[in-house]
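Heads up, the chain below is alone and in the form predicted on its own; it's given as structure tokens.
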Amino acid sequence: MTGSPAIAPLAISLGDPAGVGPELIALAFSQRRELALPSFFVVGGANVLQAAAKSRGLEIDVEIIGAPQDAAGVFANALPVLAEGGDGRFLPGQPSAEGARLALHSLELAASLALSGAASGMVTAPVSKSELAAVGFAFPGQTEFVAHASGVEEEDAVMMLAGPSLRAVPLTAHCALSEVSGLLSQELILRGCRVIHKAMQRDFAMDAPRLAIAGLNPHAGEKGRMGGEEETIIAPAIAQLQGEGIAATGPHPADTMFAPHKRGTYDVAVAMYHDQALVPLKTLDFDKGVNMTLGLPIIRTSPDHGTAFDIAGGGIARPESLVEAIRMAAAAALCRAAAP
């Protein structure tokens, strides 16, 4: 884009080599020209990527690079792969300790490169949490690892799911539905919404982002007749956010706030629990959903799907979510670079 600031290439972690990540990276690279993708490099896995490309019938060149800054000069003709990231075997659908260690090394190095500024951001391909745990990974997932590596408290690393039709944040995520009410607090809502507000300004160039905050109960509680969290927790938090100058509204009944005529009235939907956010997002934007971690000093996105071991190597995995994750990371990097 004319007049845009120059940014470093993006780092893409390999993900589990037995999953769909390597073939989707190869597919995204093969479409780089028609999709006008920004330059990126993969952290390790040159042999894995070459084999994954062949499994999808792709004739692409893979070139090993010694440093991230070499990626831009290679990207037009070959997929740049950082040698330091290591390598392994392409055994689709057959996860192993060897593959998990390669995925972990790639993730750790990608985060380090993003934190150092050698990469303008990181895009993480899918990993298996259980396979990583078996080789000593001490975090629930990649989000928690990246937050820790960035020196950010876990509560300040906010998961946003975004697609062409909707951006949604669940304030509680991977917990039982029966635990949600006990986890909700004014502080949780305030802390999460402040992170969202700042991130939308910094990474999406929105001066005054609009946050629509959902209620927890049916019909947002019906003034206490269907639950009291709206009146005792959610509404007071919204009032405080408004007092801080944040454009927050609600509590909105969750069964209506995702309707087409409602979605145009806000920039981010703030949900109380996992499925309240992810069901509408995946219904509207299943193939193009992106997981972006807000509140970090670095940019981190990922496709909104897992390793899909069951279809890896089968020639049916689709790259749209990864492509959108690359685009979103680059757009956020440009926003940060252009900021005064």
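These figures come from a predicted structure and were not determined experimentally. The first residue of the sequence shown is number 1, and the count goes up from there.
Quick note: we don't show the form predicted in complex with a further copy of the same chain, though the next part is all about it.
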- Message: Give me the residue from 89, 198, 210, 263 that has a heavy atom within 4.5 Å of a further copy of the same chain in the model of the complex.
- Response: 263
- Item | Contact residue in the model of the complex, from 244, 153, 187, 255 (heavy atom within 4.5 Å of a further copy of the same chain) | 255
- So in the model of the complex, does residue 218 come within 4.5 Å of a further copy of the same chain, heavy atom to heavy atom? yes
- Is the gap between residue 29 and a further copy of the same chain in the model of the complex 4.5 Å or less for some heavy atom pair? no
- Query: Heavy atom to heavy atom, is residue 69 within 4.5 Å of a further copy of the same chain in the model of the complex?
  - Reply: no
- Message: Please determine whether residue 141 contacts a further copy of the same chain in the model of the complex, using a 4.5 Å cut-off between heavy atoms.
- Response: no
- Look at the candidate spot formed by 178, 259 and 279 and say whether a further copy of the same chain comes within 4.5 Å of a heavy atom in all three of them in the model of the complex. yes
- Since the chain is shown here on its own, which stretch among 52-60, 290-298, 39-47, 269-277 would lie within 4.5 Å of a further copy of the same chain in the model of the complex, judged by heavy atoms? 269-277
